[in-house]
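Only one chain comes next, encoded as structure tokens, the form predicted on its own.
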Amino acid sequence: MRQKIFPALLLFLLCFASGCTQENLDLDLDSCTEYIMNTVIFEDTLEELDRDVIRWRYNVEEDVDARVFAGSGATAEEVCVMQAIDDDSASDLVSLLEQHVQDQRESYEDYQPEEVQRIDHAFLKRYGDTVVLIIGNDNGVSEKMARYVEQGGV
């Protein structure tokens, strides 16, 4: 038993020390947003939201840097890339965006129920202090983001 635990523990420590988990990678806000907007397929035309609208819509603090693109409201499509100032703030952002997704789901349930499936398949992932939310129909979002991260997030 001991012979099996040691190699697994060693592999885990090597992986952790080398930073091979995506959660340790901080992505460049603008580069990440540009990559998403150029590679993910959306049905709606997404427009960038200004800073005041972002703070109101997502209930984020002033020190959170963010780029957000949202659709016309006819669809639930959106791209949200936020960068926190530290680990705790990044955890808070994940919680805020999880709540946002739930609020969107409840909002669209009666308004446009066909959008609920899109919302239920939202991509929400944290990369270090950066949190990415993508709501759309592109089934390849996970693979596209994995490719972007493999390239070093640049």
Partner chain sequence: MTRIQKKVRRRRKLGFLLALTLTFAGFFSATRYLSQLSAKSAGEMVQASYTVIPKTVLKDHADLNENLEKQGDFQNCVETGAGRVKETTETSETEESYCFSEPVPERTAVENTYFDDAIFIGNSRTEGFALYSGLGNIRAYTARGASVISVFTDPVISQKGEKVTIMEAVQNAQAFSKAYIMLGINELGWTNYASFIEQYGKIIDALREIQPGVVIYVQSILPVTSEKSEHDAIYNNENIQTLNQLLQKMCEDKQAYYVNVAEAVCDENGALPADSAFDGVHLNRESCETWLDYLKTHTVEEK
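The shown structure was predicted, so the numbers you read here are calculated from the model rather than taken from an experiment. Residue numbers count along the first chain shown, from 1.
In what follows, reference is made to the form predicted in complex with its partner chain, a form of this protein that is not presented.
Peer 1: Does residue 103 reach its partner chain in the predicted bound form if we count a contact as any heavy atom within 4.5 Å?
Peer 2: Yes, contact at 4.5 Å.
Peer 1: Answer with yes or no whether residue 44 is in contact with its partner chain in the predicted bound form, where contact means some heavy atom within 4.5 Å.
Peer 2: It does: once its partner chain is placed as it appears in the predicted bound form, residue 44 has a heavy atom within 4.5 Å of it.
Peer 1: Can you tell me if residue 75 lies within 4.5 angstroms of its partner chain in the predicted bound form, counting non-hydrogen atoms only?
Peer 2: Yes, residue 75 is a contact residue.
Peer 1: Using the partner position in the predicted bound form, report whether residue 50 sits within 4.5 Å of its partner chain, counting heavy atoms only.
Peer 2: It does: once its partner chain is placed as it appears in the predicted bound form, residue 50 has a heavy atom within 4.5 Å of it.
Peer 1: Where does its partner chain sit in the predicted bound form: which of 123 to 131, 25 to 33, 64 to 72, 87 to 95, heavy atoms within 4.5 Å?
Peer 2: Flagged stretch: 64 to 72.
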